[in-house]
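Here you get one chain, nothing else, as structure tokens; it is the form predicted alone.
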Amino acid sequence: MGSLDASLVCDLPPFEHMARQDIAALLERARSIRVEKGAAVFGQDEAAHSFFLLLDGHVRVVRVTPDGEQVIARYISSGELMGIAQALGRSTYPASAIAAVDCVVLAWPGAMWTEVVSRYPGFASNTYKTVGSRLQDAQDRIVEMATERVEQRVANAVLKLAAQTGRRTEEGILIDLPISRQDISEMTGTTLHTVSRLMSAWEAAGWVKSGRQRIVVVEGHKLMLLAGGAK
């Protein structure tokens, strides 16, 4: 696959406020990779050989804790950077990136990082905004884990996914990626049994519809009230 036309990506956050010729020069040095659903783009603790832009699809960012527990840190959607270990001062990836659906990514060699951020200050600025936003998200999740009831955490997780990937349908807002109750449990630090109990109760109340790896938010305002602490 040849290099992309800069006009196709210039509106994506990493390239905001960059000159068109600078975007084109950066794209010329990228390679395009197709990643099948379930395959790893990169693995936790691997040497950070590349950094990436997700062109199409959704990626699940997964960390395995020292005691072997798997935690989903976040989902990354089309147009976002990932694998930017160098921006964190790391030589290895802090987590794994697993394709939640078939994906297309652009990859640049990790060895280019210093050159890219010095030559293209707009790209550097946008990257560090992304890092700051993700660190804030991580801090918010730590506070949620410490202070919120389980049902609040699960409601928040469902609403965040709906906001990030939601597609309006006749039934409601469809979370537009395969998402299981196990995934929700790994996002919220709770058990599969608890998530299943909550989702079944919300389905009985008409707030959501769920099936195999499918969630539709029907009564989003009800979940918002619950996420905000209402009982």
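Remember, it's a predicted structure, so these values are computed and weren't measured experimentally. C-alpha atoms forming the largest set that superposes within 1.5 Å between two forms make up the rigid core. Start at 1 and count along the sequence shown; that's the residue number.
Unshown form predicted together with another copy of the chain; subsequent notes refer to it.
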Of the residues M82, L159, A107, A73, which one places a heavy atom within 4.5 Å of another copy of the chain in the predicted complex? A73
Look up in the predicted complex whether M112 has a non-hydrogen atom within 4.5 angstroms of another copy of the chain, and give yes or no. no
Contact label in the predicted complex: I98 to another copy of the chain, heavy atom within 4.5 Å: no
Could you tell me if R197 has a non-hydrogen atom within 4.5 Å of another copy of the chain in the predicted complex? no
Is there a heavy atom of G122 no more than 4.5 Å from a heavy atom of another copy of the chain in the predicted complex? no
Work out which of the listed stretches, 201 to 209, 161 to 169, 59 to 67, 174 to 182, brings a heavy atom within 4.5 angstroms of another copy of the chain in the predicted complex. 59 to 67
Quick one: name the residues from 72 to 96 with any non-hydrogen atom within 4.5 angstroms of another copy of the chain in the predicted complex. A73, A87, L88, G89, R90, P94
Once the core is aligned, does E36 move its Cα by at least 2 Å between this form and the one not shown? no
